[in-house]
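This document opens with one chain alone, in C-alpha cells, the form predicted alone.
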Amino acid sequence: MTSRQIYLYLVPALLFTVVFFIFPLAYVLFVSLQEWDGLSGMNFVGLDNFRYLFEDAAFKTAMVNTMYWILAGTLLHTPLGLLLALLLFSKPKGWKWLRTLFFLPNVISTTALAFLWYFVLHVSLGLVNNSLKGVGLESWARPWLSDPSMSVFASMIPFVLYIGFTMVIFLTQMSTISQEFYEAAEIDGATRAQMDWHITVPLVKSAIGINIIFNTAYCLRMFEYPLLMTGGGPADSSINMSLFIYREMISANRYGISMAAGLMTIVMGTIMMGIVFGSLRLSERRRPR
C-alpha cells in the first residue's frame, strides 16, 4: 500500500475529527472569552471568565469534588473490577451466571439507577437507614444525601459498586494470557494468589490503564448521579464540573463562563491522560527484556 493510499483512507477519520472535535473545541475556546447569554450579541471579555471561575467558591468545590470522583474511579472502582475479574478468571462454579449478574447494571439506565439509590439512601424512607434501625443501630443512621460532609461520597456509591464493564475489560485481557505461564508456576508450587499477583496482574497492565482512562472520562462527565441524587446540594457541597457547567449555561444563561469551565474540564482530563500514559510508558521501559 502506497503512502497516497494510506492518506486516502485517513481522510474520512480526519474529516470527522475536524468537524466533531477540532471545530467544536475552537468554538468553545472562542465563546469562553466572551460574555454571552445565548441570545444577545457577544461581548469580548478576554480572560475575565477564567478569573471569575477561580474566585467562585462553587467552581472550586466542583473541581475538588470532580477530583474525588476521579480518585474513586482510580482507587476503588478499577481495583474492585480487577479483583472481581481475578475471582471469575479462575472459573468457579456458576462463574458465567455471576459474570452476567455483575454486568447487568451496566445495561440499565443511569437515571433509573440514580433514582433507585436516591430512595435506598433516603433519610426516612431509605433501605439503609431503616435496616440500621431494624438491627438496633439507630445511631449509625444518617441523612446520607443531605449532609454536606458526606453527600458527594454518597452519590458515588452507584458508580463504585457497578463494576461490570471494568470487569469485562479485565477478563478480555486475561483471556489472552498463555496457560503455559500458569502451568509452569503450578509446577513450581505457586499458589493461586501468587499466580494472580506475579503473572496475571503484570500482564494486564494495559487493561488497568484503559480502565483508568475510561473511568476518568466517565467521572469528568458524570452528571446524572449528582443531579438526581443531590442536585449538587446541600449548599453546593456535592456539585461537580458537569453540574456546574449545566447550571451556568441552562439556569444562569452565562455561556461564556460555562464554556470556560468546560475548557478547565478538558485540561483536567488531559492532565490525567498524560499521567496514565506516562505511567504505562515508564512501566514498559522498566520491564526486563
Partner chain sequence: MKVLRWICILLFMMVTLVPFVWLILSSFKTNQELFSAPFALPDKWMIENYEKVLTSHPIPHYFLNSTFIAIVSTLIGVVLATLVSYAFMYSFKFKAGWLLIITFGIFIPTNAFIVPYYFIVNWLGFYDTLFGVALVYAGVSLPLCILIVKTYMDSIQKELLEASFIDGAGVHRSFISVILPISYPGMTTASIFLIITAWNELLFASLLTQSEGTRTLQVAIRFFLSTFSANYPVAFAAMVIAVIPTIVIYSLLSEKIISGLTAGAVK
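Residue numbers count along the first chain shown, from 1. Model, not experiment: these values are computed from the prediction.
Below, we turn to the form predicted in complex with the partner chain, even though it does not appear here.
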In contact with the partner chain in the predicted complex (heavy atoms, 4.5 Å), from 179 to 187, 89 to 97, 67 to 75, 198 to 206, is stretch 89 to 97
Heavy atom of L282 within 4.5 Å of the partner chain in the predicted complex: no
Answer yes if any heavy atom of L137 is within 4.5 Å of a heavy atom of the partner chain in the predicted complex; otherwise answer no. no
If you check in the predicted complex, is L84 within 4.5 Å of the partner chain, heavy atoms only? yes
Would A141 count as a contact of the partner chain in the predicted complex, using a 4.5 angstroms cut-off between non-hydrogen atoms? no
Heavy atom within 4.5 Å of the partner chain in the predicted complex: which residues of 220 to 235 meet that condition, in order? L220, R221, F223, E224, L227, L228
